[in-house]
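Presented below, as structure tokens, is a lone chain in the form predicted on its own.
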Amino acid sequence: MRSLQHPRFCLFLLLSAILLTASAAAQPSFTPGRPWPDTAGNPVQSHLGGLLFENGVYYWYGMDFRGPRIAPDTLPHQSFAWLLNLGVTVYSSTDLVTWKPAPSQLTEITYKPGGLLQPANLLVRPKVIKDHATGKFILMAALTAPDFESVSDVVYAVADQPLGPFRWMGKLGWCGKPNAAGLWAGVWEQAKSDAPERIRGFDMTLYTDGDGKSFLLTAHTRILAYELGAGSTCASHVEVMQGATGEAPALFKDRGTYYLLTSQLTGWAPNRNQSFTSPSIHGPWTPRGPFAHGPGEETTFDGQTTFVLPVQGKPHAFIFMADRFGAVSDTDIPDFTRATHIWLPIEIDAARHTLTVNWRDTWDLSAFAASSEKQ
């Protein structure tokens, strides 16, 4: 029998230890709130966006903040800092850290009167889902004018592949007749007389449930859930998410419980984001209070929620995604190009139906292995 002290065997153990250490050290890590370069060396521009996973690849869609900054009150009825529409950015990754840019979508700007994709009409909070019946990829966004009134509608586009090209389809409509009217009465003065057919944009997100049904959520204090039908290209039913309030909604499900994250309405200024839970997407929703803990928790680490990402291959693993704008007031920020991303692991207490997002200066996906051992 070979001795365990044989020089060659000891050398093998040493090399194995070095390789294992190097492998652990090489695991890609996240540094929340710091500049995040893409594979071309430029900061990732995917703000207010969301992710899609398809065939082993993650796709990140969002807004490009590199456009010229428009100070408040530059345009008629423009009370917030604004920028010009640069379409929807698209990035791809297999490890969630290294992002390769792809051509932006819906960049066909028009100057014709009545055209929707005007330079100052922003495609806000773009999200993409895959319709399981048709296999098509559906992009939706809140097309928003600086006055939040002349244009404030959900629009959509369709593609055969996650990278596009996405075909512009215009405003989202109904599969049949609307089932409710006056949805924004008492919430948004300009919207109280909306026709029942109008689907207001405001802040929005998309969510596909385990049974394949997809939902559009729009939020401005009141939160509405539109069930999508007919290829996820029209609304078939709408209801108020009773018990839930806020804007910037992000929805996910874990072990039979639905979790909803929202921001309070403070414009560009950060606030303490809240969470809600329900045993059904149809509610009622129970307030669970703030979820951020650590330095900067009173302002959700100076960020605002935008999406919750399920990590593929890791049960009960979800990433909280937020944008840090660097606001100096509720209506103004100094420089859109300095905005950064905040990604942090979500810790779920399934028994209490609560969640926590703790601040970490740096972390990697091994954090979910540690948390799963506690559950």
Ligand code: DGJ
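Note that residue numbering begins at 1 and tracks the sequence as displayed. On a predicted model such as this, the values are computed, not experimentally measured, just so you know.
The form predicted in complex with the ligand exists for this protein as well; it is not shown, and the discussion that follows is about that form.
Asker: Hey, in the model of the complex, is Gln304 touching the ligand, heavy atoms inside 4.5 Å?
Answerer: Gln304: yes, in contact with the ligand in the model of the complex.
Asker: Do Phe148 and the ligand come within 4.5 Å of each other in the model of the complex, heavy atoms counted?
Answerer: Judged by the heavy-atom cut-off of 4.5 Å, Phe148 is in contact with the ligand in the model of the complex.
Asker: Can you tell me whether Trp268 touches the ligand? I mean in the model of the complex, with a 4.5 angstroms heavy atom cut-off.
Answerer: Output for Trp268 is yes: heavy atoms within 4.5 Å of the ligand.
Asker: Does any heavy atom of Leu48 come within 4.5 Å of a heavy atom of the ligand in the model of the complex?
Answerer: Heavy-atom contact with the ligand at 4.5 Å: present for Leu48.
Asker: Spot the stretch among 100-108, 129-137, 260-268, 205-213 with residues whose non-hydrogen atoms come within 4.5 Å of the ligand in the model of the complex.
Answerer: Every other range fails; the passing one is 260-268.
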